[in-house]
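This document opens with one chain alone, in structure tokens, the form predicted alone.
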């Protein structure tokens, strides 16, 4: 609220209840008082003014509920009154395994989160907010949250403290309906939550924004070639399982089907070792490729690490001792990393993989990213990212074939 004054010598404020109102006495102000003003605001219902005496103008702000405020000198004269947001209620909820804080308040809050250790606590400070319910401190059994307390920490800050058994971080506030908001939680540290948000933003970008430039598909650049595409795992074998319950077999199949479409458009005959969610033995996979007369074998996977959540990036495996497979792996790795912009880990030869040992054609196994890293799981489960990964692998296949006249 802004009070436009040519001059004043001082002011005094009073916050009153029953009914709720803010009284502002402005000293050294002359002239007739302005008419009453009806206000459509979550905080105010009306503003009225009257002369208290010859030197004092009294302004009364009728409030919908008592609330905190701040009076500031306005540039160019007058004063500004900033009223706090009004926080009506808070509730912890578990929606399908996801924790969130349900918030009812007059406007979207600005929340500052602080993560503390010894003991573990997540502190949420609602800025410029007045709590309109009773303060409380109560135990709770909800995921990692063992206790929570809410109170008016200062005239301008409502504080929520969650005592934790395991790390928990907050995500940005979302509006659910008018006056209704939710603050989702992330099962991990603040750094992991930040990585999760970056990954979400990355996954929502269009493929061309990720740097995946599709190599030529016209004029049958791959005509006459038979390419075996092997989506890893499947059926009763889920492969790696991510933090959010993502099955590697599903990621592998999605990327492989996108890849197969690109290969077909470029004129290649595509042989899938599986094109649905079925189990195929690791010994059958190279046999399928050989029986179809495949010229190249590409197996698509998502990675994992013995220290779950630690490793990240892209790597490509190849049949050890086979120069053609090594060159194939190097080119596919280069193009895939360029497309998806994850960490370039390495290419490395393996002598112990059945999918390599059952054939003699150039063969690679692409580990697109680490499904057991929360950051990369978000990417791997996003269809936009899956398409970019398929384009990167496709680019590597085209380059390999063009440069080696296959």
Partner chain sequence: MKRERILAGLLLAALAVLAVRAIVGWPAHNGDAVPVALDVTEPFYPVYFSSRDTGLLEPEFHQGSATIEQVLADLLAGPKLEHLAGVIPADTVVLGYRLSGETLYVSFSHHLVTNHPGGSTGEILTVYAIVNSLTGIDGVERVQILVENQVVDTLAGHLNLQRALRKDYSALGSQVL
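These numbers were taken from a predicted model, which means no experiment stands behind them. Numbering follows the first chain given and starts at 1.
Just so it is clear, the following notes concern the form predicted together with its partner chain, a form of the same protein that is not shown.
- The partner is absent here; in the model of the complex, the one residue of 53, 32, 38, 351 having a heavy atom within 4.5 Å of its partner chain is 351.
- Interface residue among 291, 117, 94, 307, judged by heavy atoms within 4.5 Å of its partner chain in the model of the complex: 307.
- Proximity of residue 367 to its partner chain in the model of the complex falls within the 4.5 Å heavy atom cutoff.
- Of the heavy atoms in residue 357, some are within 4.5 Å of its partner chain in the model of the complex.
- In the model of the complex, residue 136 stays away from its partner chain, with no heavy atom inside 4.5 Å.
- Put simply, residue 240 is close to its partner chain in the model of the complex: some heavy atom of it is within 4.5 Å.
- Across the options 265 to 273, 314 to 322, 163 to 171, 143 to 151, residues that bring heavy atoms within 4.5 Å of its partner chain in the model of the complex belong to 314 to 322.
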